[in-house]
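Okay, here we've got a single chain as structure tokens, the form predicted on its own, with questions on binding and movement later.
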Amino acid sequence: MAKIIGNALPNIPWQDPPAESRLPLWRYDANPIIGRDGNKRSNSVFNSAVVPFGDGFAGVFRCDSMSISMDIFAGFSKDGIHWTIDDEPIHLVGEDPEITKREYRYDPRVCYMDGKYYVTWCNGYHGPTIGIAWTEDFKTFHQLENAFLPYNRNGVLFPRKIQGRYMMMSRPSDTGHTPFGDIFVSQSEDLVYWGRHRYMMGAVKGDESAWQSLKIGPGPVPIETDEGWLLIYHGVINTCNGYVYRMGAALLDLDEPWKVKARGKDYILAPHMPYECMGDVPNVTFPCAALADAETGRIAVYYGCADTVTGLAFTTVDRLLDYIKSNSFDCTSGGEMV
């Protein structure tokens, strides 16, 4: 049995699996947990990240406004299901006003590390790049330098230093609805200067795993296990009805996380429910956060649905790793297997 490396989380949101399920993830039966009206001006609440905080949970939420401006907001919950989201966007403070100047902000992730909560998001700076900030209380957020030049999306930190360095995944992109995308790992001594870029894995051409044939991108902060880093990610296919976003999973090497030990050929969750298929951007399941309980192996995944609302799904580390290994494939064009 696989073991999650980390803390016990006895209050993790949870619902037992249905009697029959083909997939390793199963949806919360009261989805979506956050609707369009998450705060006073939101048009939609999706692609957001949560972490344990105090005796409950805190998070950073993407709330597109009724004027369709994109920004990030702090939110709090006692049970991880019912949320109160601030009405005003997060105010970022920093040393350089050129960096803290807002263009747009969206798709945050939150990573607890070294006693601080680090937020990464797609930050507008002459095009999309990766913004980084830290907070201790989800009230004051200190913005650091942008990690990369434009254009880049889906910046996701690993939750501890590896070989003495901070490491972050990202997906280089373009200015629009990017029709390509592979995952890279970048390294830093100080969370300011990033280099030592390493290719992890990419889209899979052909029909061996066509759900991820156009582009992929990292999802939640990876979960450390005794077998490697468990990564949940999104994959995209271009269809006659537009892009379809599904979830997949892979197992990464602990010391060199750009090396892929196993990668599932089949998706782990796809837009099947009405709230995933219909919305501002139809046919999207987009994971941004995962809570994990080291005691039971339970995992709760938060994901955006149709770029409109927020859903919750559940699995266990054993169920997910068994699924990956049972249908793992060797695709050198999509990432070098260890």
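Keep in mind the model is a prediction, meaning the values are calculated, not measured. Numbers for residues come from their place in the sequence shown, where the first is 1.
The following text describes the form predicted in complex with a small molecule, which does not appear among the structures shown.
**Q.** One residue of F148, F141, Y106, W258 in contact with the small molecule, assessed in the predicted complex (non-hydrogen atom, 4.5 angstroms)
**A.** Comparing distances to the small molecule in the predicted complex, the residue within 4.5 Å is Y106.
Q. So which of V51, V281, I33, A294 reaches within 4.5 angstroms of the small molecule in the predicted complex, heavy atom to heavy atom?
A. Filtering the options by heavy-atom distance leaves V281.
Q: Please determine, with the chain shown alone, which of 34 to 42, 283 to 291, 309 to 317, 266 to 274 has non-hydrogen atoms within 4.5 Å of the small molecule in the predicted complex.
A: After filtering at 4.5 Å, what remains is 283 to 291.
Q. Do K215 and the small molecule come within 4.5 Å of each other in the predicted complex, heavy atoms counted?
A. Residue-level check for K215: yes, a contact with the small molecule.
Q) Should Y245 be counted as a contact of the small molecule in the predicted complex, where contact means heavy atoms within 4.5 Å? A) Residue-level check for Y245: yes, a contact with the small molecule.
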